[in-house]
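Here's a solo chain for you in structure tokens, the form predicted alone.
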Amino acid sequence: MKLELLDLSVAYGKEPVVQNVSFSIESGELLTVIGANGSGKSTLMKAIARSLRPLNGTVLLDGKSIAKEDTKAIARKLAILPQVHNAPPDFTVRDLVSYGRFPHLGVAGRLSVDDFHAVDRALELTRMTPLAHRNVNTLSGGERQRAWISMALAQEPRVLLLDEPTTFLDISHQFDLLELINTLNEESGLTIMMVLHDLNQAARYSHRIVVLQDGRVHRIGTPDEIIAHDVLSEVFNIRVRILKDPEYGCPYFIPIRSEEGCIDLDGAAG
């Protein structure tokens, strides 16, 4: 399912945060949004998820404006994992994941056999079945993130939005979570848009990357086009050494210094 942003602008009060952003995410694509702190990444995600009303512009899901569709209808197509999420203290993992079935419930509001099967599938996809009866608040950070992704998958969406899903996780759990996201994209054909801080991780797992700077699109391209000296210098104020991973074919970089007073890669004064 294709997601399109057309001339989208978002503000907090009178202060514009996202300005005239336009790009599309193709069906089955894994696209990552990167940018410096305050560039508008999370604000953009909130506007797509309808948590913030845009000043202008349109978000289209499969060619239809999400602003004009019923909330339940959108939730059957699109799910979001926000940065901050808290479960009630007595919730088990299965309780939490079951909430993902809300968009599919009938007037009675009771889970059907199909709903229970969807919950089981979501738990299995995220390898959370053995922890289904654990209290959510007793889980490790990585397990808790997988539980919330399970809830999103229980919606059976065709588009998944992930706002900084690796925040507060150690490197091992970051890798585990990104591998899960990659598997969901490759094996289930799920269209995924996520925000990441780690640029090397974005290059490793993304088909394309959107770079935001001061609320505007600075560049859109493949990892090879984005992990480039000019982008990293202009947007992130660093000089780097760019290398290529021999196994996966993706670029990665080693920071050399910040722009101010740095040394060029060939040894000349910057």
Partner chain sequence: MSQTEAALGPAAGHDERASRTLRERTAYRLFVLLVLAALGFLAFLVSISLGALRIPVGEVVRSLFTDTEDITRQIVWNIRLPRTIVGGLVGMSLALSGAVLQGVMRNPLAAPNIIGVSAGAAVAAMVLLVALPQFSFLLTPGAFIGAFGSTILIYLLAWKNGIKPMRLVLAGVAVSAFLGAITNTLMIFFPERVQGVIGFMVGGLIARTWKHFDVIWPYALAGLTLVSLHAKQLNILMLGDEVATGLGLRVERTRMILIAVASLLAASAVSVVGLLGFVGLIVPHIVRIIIGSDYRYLIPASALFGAALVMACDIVARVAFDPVEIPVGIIMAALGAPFFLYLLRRGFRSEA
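These numbers come from a predicted model, not from an experiment. Residue numbers count along the first chain shown, from 1.
Omitted here: the form predicted together with the partner chain. The next part is about that form.
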The partner chain contact at Asp95 in the predicted complex, heavy atom, 4.5 Å = yes
Give a yes or no for His133: in the predicted complex, does one of its heavy atoms lie within 4.5 Å of a heavy atom belonging to the partner chain?
-> yes
Would you please decide whether Ser51 lies within 4.5 angstroms of the partner chain in the predicted complex, comparing each non-hydrogen atom pair?
-> yes
Please run the contact check for Pro82 against the partner chain in the predicted complex: heavy atoms, 4.5 angstroms, yes or no?
-> yes
Even though the partner chain is not shown here, does it sit in the predicted complex so that Lys46, Phe91 and Tyr99 each have a heavy atom within 4.5 Å?
-> yes
Can you pick the stretch from 118-126, 195-203, 171-179, 151-159 whose heavy atoms fall within 4.5 Å of the partner chain in the predicted complex?
-> 151-159
